[in-house]
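Below sits a lone chain in structure tokens, taken as the form predicted on its own.
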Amino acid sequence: MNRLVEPLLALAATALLVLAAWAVPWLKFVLTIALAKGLAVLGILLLLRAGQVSFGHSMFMALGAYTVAFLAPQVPEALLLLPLAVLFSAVAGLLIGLFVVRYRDIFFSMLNLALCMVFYSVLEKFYAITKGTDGIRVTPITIAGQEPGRETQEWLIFGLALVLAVGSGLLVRAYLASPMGRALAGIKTRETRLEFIGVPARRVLLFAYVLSAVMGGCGGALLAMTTRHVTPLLSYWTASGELVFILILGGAGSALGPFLGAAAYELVRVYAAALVADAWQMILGGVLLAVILFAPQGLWGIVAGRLRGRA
């Protein structure tokens, strides 16, 4: 596929999101949530390139969200809270990554899941600090030193999420095209050969793990700023499963896939819950089953296939 096609599609998708948010104002909230989750899913895509799937990636999303919730009373500036959430997520990703990158396949997945549930238990049990399952309300935040009105703030956070999504997508695209990014595929296929030619596989995977943790923390910080409330459920195993669901739905063939999947997931969930409140989970399951059966490469696979056909 032409190298310019993907950036052009990303530009068209960005314009479409802005148009949808302008035409249907309540969609701003839904699309901001989708962009935040897309960032976290983008991190899982990096690990999947190495043949590893994390079933505990929502741990970093929860860490970013709680960083914002805890620090907002002292540091209400959004442009400072985001870097702080990224910093804490990077440190946590490095410490955890030094342990989990020693393992592969199901052991890698289950260790991440176990650590995620430990973090969930800590958030739930330490009521005096985290307020338990009640969660923490995020205090009002400022943007560039100003506290705008509700409508303006929604637009600003939506724009911030859009900029971070585009920037992260370009970063991941460049990273996967670099020698270190290409080495991730070597971990999936022939890790021993990488070691023979002098490429430390654990170090390559550790870098990708830390980068994925940073994206998860960034997505969690955006979620906290958007919903203004965080709970331990962000670190529950179902939240991690939701991120994997989105990746399967969107497809792992491109950095655009996670955002396509996140937007489709949130829109299907909102409309399904509104139309069939008692069966929206069954509808989501049906959508995932249809994707697995008829479009195993996800929504991005459908788009890429159409483009190849026209070419």
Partner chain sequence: MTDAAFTRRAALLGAATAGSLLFAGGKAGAQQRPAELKIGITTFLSGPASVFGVPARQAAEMLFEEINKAGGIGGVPVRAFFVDEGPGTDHLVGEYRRLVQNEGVQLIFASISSGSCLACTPLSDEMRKTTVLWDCGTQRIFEEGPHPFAFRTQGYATPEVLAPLLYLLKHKPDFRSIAVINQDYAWGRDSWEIWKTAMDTLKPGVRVVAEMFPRFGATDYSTEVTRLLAARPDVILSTHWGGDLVTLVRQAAERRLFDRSTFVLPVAEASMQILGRTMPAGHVIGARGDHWNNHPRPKDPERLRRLVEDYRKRYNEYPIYPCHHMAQAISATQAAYAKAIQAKGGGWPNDQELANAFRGLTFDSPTSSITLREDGQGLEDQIVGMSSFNDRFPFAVPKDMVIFPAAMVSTPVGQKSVDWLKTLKPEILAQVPAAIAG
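Numbering follows the first chain given and starts at 1. Here the structure is a predicted model, which means the values were calculated and not measured.
What comes next is about the form predicted together with its partner chain, which is not displayed.
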Practice task
Look at the stretches 102 to 110, 117 to 125, 198 to 206, 161 to 169 and give the one with heavy atoms within 4.5 Å of its partner chain in the predicted complex.
Solution key: 117 to 125
Exercise for the section: Give a yes or no on whether each residue among L84, F88 and L98 has a heavy atom within 4.5 Å of its partner chain in the predicted complex. Expected result: no
Handout entry: Non-hydrogen atom contact M282 with its partner chain in the predicted complex at 4.5 angstroms
Key = no
Problem - Contact flag, R190 vs its partner chain in the predicted complex, heavy atom cut 4.5 Å - result: no
Practice task
Indicate whether its partner chain has at least one heavy atom within 4.5 Å of a heavy atom of R269 in the predicted complex.
Solution key: yes
Problem - Partner contact for T152 in the predicted complex: its partner chain, 4.5 angstroms, heavy atom - result: no
Problem - Contacts with its partner chain in the predicted complex - residues in 120 to 138 whose heavy atoms fall within 4.5 Å - result: E124, K125, Y127, K131, T133, D134, G135, R137
